[in-house]
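The data below hold one chain only, encoded as structure tokens and taken in the form predicted on its own.
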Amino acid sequence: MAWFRKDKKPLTAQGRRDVPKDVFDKCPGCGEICYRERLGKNLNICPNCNHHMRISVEAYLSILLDKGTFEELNEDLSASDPLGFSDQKSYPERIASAEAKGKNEAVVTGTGTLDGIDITIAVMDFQFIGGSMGSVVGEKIYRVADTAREAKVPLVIVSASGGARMQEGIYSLMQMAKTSAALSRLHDEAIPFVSILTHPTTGGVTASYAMLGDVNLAEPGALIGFAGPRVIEETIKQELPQGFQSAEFVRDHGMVDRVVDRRELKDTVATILRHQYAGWDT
């Protein structure tokens, strides 16, 4: 019966294949391990739970604008240290560290076309000191709004920010009034402004231009608010409901007009602009 017997060979460890660390990403929403190339094709939206992961300024410009139409404005403006602010890590060092990633400031502004419609656009970069609004961010927002007014074309702003930049003190707080005034001039001349709120949009940015759109849109699950939950609870002495600063919650309570999937963002904005300027021949 030898043919029923099988010679046993000792088990040997198989060579382990090294997987590059940049091949997969873990979804912050559900913990799913996602193939990065597949994520990129899905605009960094988790295929399992639809969580919208953070994307770059360039990605938003690619999503919203027609290919090859973007022209940057005021790219030479960069942050300074007007107060000589000193902290554990000096403000100039923070600026230099942020600039080393490729941007001069926490917002990129310019012109382009969106589905054939001429627009001006500003996209905030959360990677640059938390997308905080200092004097240069305020100046660039003001200038792009003024460009929209002079050219009589719509303005679109994509916000992602922790709020006013504390290292610039009163200079950063002044930008709230400055940017709001620029948008008021657009409103007076009936020039559309669409505000897109992404994760997170908080502090002085929420308290100024981010919430002043003729139409305010938000990405699913984005954190939108002014102060943090702990500060609010201590102020009003009440327990806050779960997820009260999510895009869906603020939409249900009238602060946002619509929550829009990133894959539908361009078509949605184009429809809004055509509705507001129904007489345009685009």
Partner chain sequence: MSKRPTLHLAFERDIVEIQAQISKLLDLAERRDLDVTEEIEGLSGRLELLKQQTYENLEPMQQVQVARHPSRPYTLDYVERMFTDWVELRGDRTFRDDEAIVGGWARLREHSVMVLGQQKGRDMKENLRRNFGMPHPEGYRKALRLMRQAEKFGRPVIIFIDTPGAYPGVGSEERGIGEAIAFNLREMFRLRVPLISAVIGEGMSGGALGIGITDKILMLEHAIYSVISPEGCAAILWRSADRKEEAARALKLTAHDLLEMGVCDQVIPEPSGGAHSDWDEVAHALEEVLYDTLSGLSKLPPKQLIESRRSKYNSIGAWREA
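Whichever C-alpha set is largest while still superposing within 1.5 Å between the two forms counts as the rigid core. Small disclaimer: the values here were computed from a predicted structure and weren't measured. Positions refer to the first chain, counted from 1.
Below, we refer to the form predicted together with its partner chain, which is not included among the displayed structures.
Asker: Any chance Leu83, Gln167 and Ala177 all have a heavy atom within 4.5 Å of its partner chain in the predicted bound form?
Answerer: Checked in the predicted bound form: all three residues contact its partner chain.
Asker: Is Val158 close to its partner chain in the predicted bound form, meaning a heavy atom pair under 4.5 Å apart or at it?
Answerer: No, Val158 is distant from the partner.
Asker: Taking the shortest heavy atom distance, is Leu240 within 4.5 Å of its partner chain in the predicted bound form?
Answerer: Taking the distances in the predicted bound form, the answer for Leu240 is yes, it comes within 4.5 Å of its partner chain.
Asker: Decide whether Cys30 counts as a contact residue for its partner chain in the predicted bound form under a heavy atom distance cut-off of 4.5 Å.
Answerer: Looking in the predicted bound form, residue contacts with its partner chain do not include Cys30, since no heavy atom lies within 4.5 Å.
Asker: Is there any non-hydrogen atom of Ala100 lying within 4.5 Å of its partner chain in the predicted bound form?
Answerer: Heavy-atom contact with its partner chain at 4.5 Å: absent for Ala100.
Asker: Sort through 119-127, 150-158, 136-144, 106-114 and report the only stretch with a non-hydrogen atom within 4.5 Å of its partner chain in the predicted bound form.
Answerer: Only one stretch qualifies here: 136-144.
Asker: Going by heavy atom distances of 4.5 angstroms or less, which of Cys49, Met255, Ala59, Leu39 would be at the interface with its partner chain in the predicted bound form?
Answerer: Contact check passes for Met255.
Asker: For the stretch 203-229, return the residues whose heavy atoms include at least one within 4.5 Å of its partner chain in the predicted bound form, in the order they occur.
Answerer: Read in sequence order, the residues that approach its partner chain (within 4.5 Å, in the predicted bound form) are Thr206, Ala207, Ser208, Met211, Leu212, Gly225, Phe226, Ala227.
Asker: With both forms fitted on the core, give yes or no for whether the Cα of Ala227 moves by 2 angstroms or more between this form and the one not shown.
Answerer: Not so; Ala227 is displaced by less than 2 Å.
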